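One chain comes next, on its own, written out as structure tokens in the form predicted alone.
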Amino acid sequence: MILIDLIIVLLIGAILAWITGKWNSVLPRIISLAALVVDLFLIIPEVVGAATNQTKWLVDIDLSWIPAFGINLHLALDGLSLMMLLLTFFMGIVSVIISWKEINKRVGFFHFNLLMTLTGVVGVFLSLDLFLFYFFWELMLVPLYFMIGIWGHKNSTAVAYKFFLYTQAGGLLMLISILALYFIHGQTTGVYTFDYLQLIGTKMPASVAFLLMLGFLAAFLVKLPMIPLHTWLTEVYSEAPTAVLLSALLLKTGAYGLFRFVVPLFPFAARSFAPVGMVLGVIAILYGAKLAFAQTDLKRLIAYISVSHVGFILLGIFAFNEIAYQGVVMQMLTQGISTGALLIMAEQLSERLHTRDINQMGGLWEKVPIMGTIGLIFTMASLGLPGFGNFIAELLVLLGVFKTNVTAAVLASLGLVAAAIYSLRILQKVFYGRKSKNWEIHDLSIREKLVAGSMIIIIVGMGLFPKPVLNIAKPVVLKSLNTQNDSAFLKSQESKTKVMAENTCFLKPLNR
């Protein structure tokens, strides 16, 4: 029942935070932090088991929920979802700590929405029933809408509407595909179910499979987000108080959906879409880097860095080999940490300077040397310097893609050069260069140092010791590839059988 406990703890914490917020502004913060720490400790023992357990599912619970419609409470944990949960709880704790003094309005309701968003994220990473998956997918949307609209900056209401419309439109297209898959499976097998494991391998015409895959892609590519569906991201990063959550977690739900659902459910359609997917990935890497270099707003600059980084995820997913998939898993983790840290730094600078314009900054290292050092570390991580987890992730993706598509790998590698340019520009404009004015600002507090230090340990640890992460991810990667290979083999056998049948029918009149 540990998987249900993870969700229940967050739900109880959310309700208690909202209730206690009416009397005390500190209690909601303590409750939120406690709920996330409890969940983190609940999931840590599974990390030890994952290192020795090479089966696909570490924990699997399947309870009947609405049997008349084939809906079950089916939750499962494997190496991929385990690492995503660790990232979720860690970054959730970070979000609570960095907003400890910054959020002073309706504190209880803020933490209620924060924990409800994380409940939706956890449910997405655990659900193996498509109805349940869609429920949690939509659950993320509403509390984030309130968080952006209420606690955002000057244009928060318009940005919240845009975020809602983009993600809701993609989600509705996915719902149509889920329902279509449900009925197609029921008509071909006589069993109407939303269970993911039973829906894998559902027989349908190739054209139908491609259309259903596009419905899933619409939801996942919007959330990732991928060019040209990325325009909501830059505005939300600029206005939202929860940009760290968006960068570290919500973007990963889109990548997770591609890895978990699109590739296994529609293997042939995914392979036919692969050339387009790789082109979109390369465009995101290069175009995102170009736009990042052109920005003067620090938060918008980091938003385009995210767009460039997730291009590697899309590129690796459609490479269909083990090395690329290992790189995708690493990129999902490291991008969440490094970009989240840069967003925290941007928010800290904005609070101290009351501006996000990098042209108005400069020479800040003298005033805030500790913040400057941390900024240096995470900009180096962002550009993929050896010794950081980002380097391992991008190297593995490029090696895997090179085996599949040399041109795409060569073009994507130019993104590493561009990353060095826009990352060094951040350092030059913010911490070095000419002073625009004599800023009187204070350096990081103990609370902020603890957050930054923990994130540095993780990003450096994954860069120097990537093997534990790769070992945990390996069973999931191999299972995904085996599904692809088995499907390709069955498809080839069906094609051979069909050709033989056609030839036999053609020869029968001649024999007579």
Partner chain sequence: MTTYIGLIPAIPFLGFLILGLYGQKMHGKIAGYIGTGAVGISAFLTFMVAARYLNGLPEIKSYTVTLWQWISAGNLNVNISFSLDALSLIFIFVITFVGFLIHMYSIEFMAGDERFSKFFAYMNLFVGSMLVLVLANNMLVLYMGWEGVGLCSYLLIGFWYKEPENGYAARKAFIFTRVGDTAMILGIFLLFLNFGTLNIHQIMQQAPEKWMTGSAIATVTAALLLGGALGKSAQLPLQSWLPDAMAGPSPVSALIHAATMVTAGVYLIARTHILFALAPVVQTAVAVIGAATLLIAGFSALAQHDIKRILAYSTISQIGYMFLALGVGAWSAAVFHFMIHAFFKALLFLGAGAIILALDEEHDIFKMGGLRKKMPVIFITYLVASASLAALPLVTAGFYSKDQILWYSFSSQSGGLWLWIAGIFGAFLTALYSFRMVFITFYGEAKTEPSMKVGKLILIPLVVLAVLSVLGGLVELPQAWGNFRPFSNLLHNVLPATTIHKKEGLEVVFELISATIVLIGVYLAYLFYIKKPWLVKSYEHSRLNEFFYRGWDFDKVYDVLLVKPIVWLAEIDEKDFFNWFNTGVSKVALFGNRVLSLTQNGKLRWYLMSFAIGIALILTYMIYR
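Given the structure is predicted, the values throughout are model-derived calculations rather than measurements. Residue numbers count along the first chain shown, from 1.
Although it is not shown, the form predicted in complex with its partner chain is what the next lines describe.
Peer 1: Heavy atoms, 4.5 Å, its partner chain in the model of the complex: which of 76-84, 252-260, 270-278, 296-304 makes the cut? Say which one.
Peer 2: After filtering at 4.5 Å, what remains is 296-304.
Peer 1: Taking a heavy atom within 4.5 Å as contact, would all three of 391, 395 and 417 count as contacting its partner chain in the model of the complex?
Peer 2: Yes, each of 391, 395 and 417 comes within 4.5 Å of its partner chain in the model of the complex.
Peer 1: Give me the residue from 439, 432, 210, 100 that has a heavy atom within 4.5 Å of its partner chain in the model of the complex.
Peer 2: Here the answer is residue option 432.
Peer 1: Name the residue from 231, 188, 155, 104 that puts a heavy atom within 4.5 Å of its partner chain in the model of the complex.
Peer 2: The residue in contact is 231.
Peer 1: Does any heavy atom of residue 384 come within 4.5 Å of a heavy atom of its partner chain in the model of the complex?
Peer 2: Within the cut-off, so yes.
Peer 1: Even though its partner chain is not shown here, does residue 351 get within 4.5 Å of it in the model of the complex, heavy atoms only?
Peer 2: Taking the distances in the model of the complex, the answer for residue 351 is no, it never comes within 4.5 Å of its partner chain.
Peer 1: Is residue 454 a contact residue for its partner chain in the model of the complex, using a 4.5 Å heavy atom cut-off?
Peer 2: Looking in the model of the complex, residue contacts with its partner chain do not include residue 454, since no heavy atom lies within 4.5 Å.
Peer 1: Taking any heavy atom pair closer than or equal to 4.5 Å as contact, tell me whether residue 334 reaches its partner chain in the model of the complex.
Peer 2: No, no contact at 4.5 Å.
Peer 1: If you apply a 4.5 angstroms heavy atom cut-off, which residues in 316-344 are near its partner chain in the model of the complex?
Peer 2: Heavy-atom contacts to its partner chain in the model of the complex: 322, 323, 326.
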